[in-house]
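This document opens with one chain alone, in structure tokens, the form predicted alone.
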Amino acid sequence: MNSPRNMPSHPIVLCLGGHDPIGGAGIQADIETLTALGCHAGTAVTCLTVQDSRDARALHPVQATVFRAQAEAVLDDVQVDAIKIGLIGSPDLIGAIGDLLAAHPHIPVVFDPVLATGGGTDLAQTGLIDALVEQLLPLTDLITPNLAEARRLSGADTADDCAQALTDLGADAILLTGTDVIEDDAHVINRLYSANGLSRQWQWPRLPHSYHGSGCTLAAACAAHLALGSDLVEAVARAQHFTHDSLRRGWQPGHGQHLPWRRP
């Protein structure tokens, strides 16, 4: 019998994010997405949350030393092919994340800046936005905000101005999602920006429900395809296909938002 080290390998994505008890978002969303796309998820939990499909009621950040020990245990043991960052939950964790990224500059990084829940609860403590803009944006390969998040991060208003401000602040590329913008009742428009401006845009049929975990799914899928060897544009395009299909097949197990169905 082959030993585990002789078995076929799968790309590994290290996911830094929060735990969602309902399983729609956060680390569980990352694991489901990566597994469905043929990758393996390593995880370092940033915070525990008390939430359901309707909204979050409490957030309990992990101590920075404990978080860092989790991440370093993974990075010291296996080859990590991409890093995905989700909910951070505390300014104290940003320095630890920044140190990890700086120590592994060859690993592509996808950052989903989770600043609020779908129910409207603000998840960005005082000082967190300034810290992540200053310390994390320059270390990321792709950031995946919606327009509301992009406005908070950049201080700008329009999609183009937000993207320009974020690239000026150090982000290599921005996938600006349009689920929270009604430009067209029938469609969602997602735009990919680089330092040279708008490079691509995609139009997707607007689905009839709201979803808990859609942003986590999209960012994790981007990280998966980067880990699998796709270039940035191809990774973003394939990630959108996976996400839209997961949302189209979504279900409503509780009293709030629908959850993506990320399984085959």
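Sequential numbering from 1, following the sequence displayed. All of these numbers come straight from a predicted model, not from anything done at the bench.
This protein has a second form, the form predicted together with a further copy of the same chain, left out of what is shown; the following refers to that one.
The stretch in contact with a further copy of the same chain in the predicted bound form, judged by heavy atoms within 4.5 Å, is 69-77, chosen from 106-114, 86-94, 69-77, 163-171. Taking the partner from elsewhere, His40 is found to have a heavy atom lying within 4.5 Å of a further copy of the same chain in the predicted bound form. Interface membership of His10, defined by any non-hydrogen atom within 4.5 Å of a further copy of the same chain in the predicted bound form, is confirmed. For Val50, a non-hydrogen atom is located within 4.5 Å of a further copy of the same chain in the predicted bound form, even though that partner is not displayed. Remark: Leu228 does not count among the residues lining a further copy of the same chain in the predicted bound form, judged by a heavy atom distance of 4.5 Å or less. Three-residue candidate spot Val45, Arg57 and Gly250; every residue lies within 4.5 angstroms of a further copy of the same chain in the predicted bound form by at least one non-hydrogen atom.
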